[in-house]
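Only one chain is given next, in structure tokens, and it is the form predicted on its own.
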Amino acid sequence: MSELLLEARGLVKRFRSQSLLRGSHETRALDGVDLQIRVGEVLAVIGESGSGKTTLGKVLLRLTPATAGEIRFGGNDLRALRGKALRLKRREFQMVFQNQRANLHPKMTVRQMLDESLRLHRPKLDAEGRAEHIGGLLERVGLSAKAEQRPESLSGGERRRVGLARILATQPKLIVADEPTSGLDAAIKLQIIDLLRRLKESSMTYMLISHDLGLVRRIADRVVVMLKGRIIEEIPAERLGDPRHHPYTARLMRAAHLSEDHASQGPSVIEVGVGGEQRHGGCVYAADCPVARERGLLTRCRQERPEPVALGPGHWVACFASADPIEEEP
């Protein structure tokens, strides 16, 4: 087993909002999250929009502060770092955002943006050294012919590859990729998937945030499932679609057509529409769970927070109904 790179324990992130109808209201975007990422692995975080995936990525990389919990990166207490110590540590982890246009300077060429990143993060390189590294970065992301172009003349997929090149210029130990293929047409999407595969083959460590299970099955080693700020299942990627899942995950599998066709390579976007209020005591899926109703567990599921139960090597679910195979009817 490879070395542990990042570990989070008990992460909580609360947001407060004010409205005329509800007054002051608290949302727990993260509600007691435990997570580990090992060197050289690709960890996928899946779930519907609003499940807490992007917030988790931002909290792990100190882009937004955690309300409570512990984050250790390379053995260091990341939440304790301040000022210069935090700025230096940031070179070791980077995030690829969905909207790359907002992160690219409209008046600079691709080469100039990469040169700027190298000047900032690798100040010991001279002009010749930077030029050599820029050539290597452009070749790595397949943009050698676009070096003198500006963002407005690039496609959506090309802008995302420029964003990846800028991040690779810092030589990070960890990349968090937030929905790297969302909004792209099929051909460009395949280009990004190919690039992510090549990064994986070069032992890059990254966390992939996605609601596209087709992408996850192609890229990830391990998958965690989020719902309303909690991780409710962890499973090796190759076992997605197995008979035994958390009831919510089983619902995602059906929505993505992976349970019926385990080798499906077609579109598989998650969107199943879980409703109900966020529950801090019981299971966050209780209000929508047919399995809890069918097995007479609804009261317990509403009142008690389920602990993880092992279903196999590297596979656990937080569910009281996990003793038997969990298969919902369509």
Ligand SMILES: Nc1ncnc2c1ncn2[C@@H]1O[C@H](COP(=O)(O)OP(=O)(O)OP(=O)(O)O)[C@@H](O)[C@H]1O
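Since the structure is predicted, the reported quantities are computational estimates derived from the model, not experimental observations. From 1 onward, residues are counted along the sequence shown.
Keep in mind that the form predicted in complex with the ligand is missing from the display, and what follows is about it.
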#### Entry: Proximity to the ligand in the predicted complex, single hit among K189, R217, H211, R166 (heavy atom within 4.5 Å)
H211
### Message
For the three residues T27, Q98 and E179, which mark the spot I'm curious about, does each lie within 4.5 Å of the ligand in the predicted complex through at least one heavy atom?
### Response
yes
### Task
Determine whether any heavy atom of G50 comes within 4.5 Å of a heavy atom of the ligand in the predicted complex, and answer yes or no.
yes
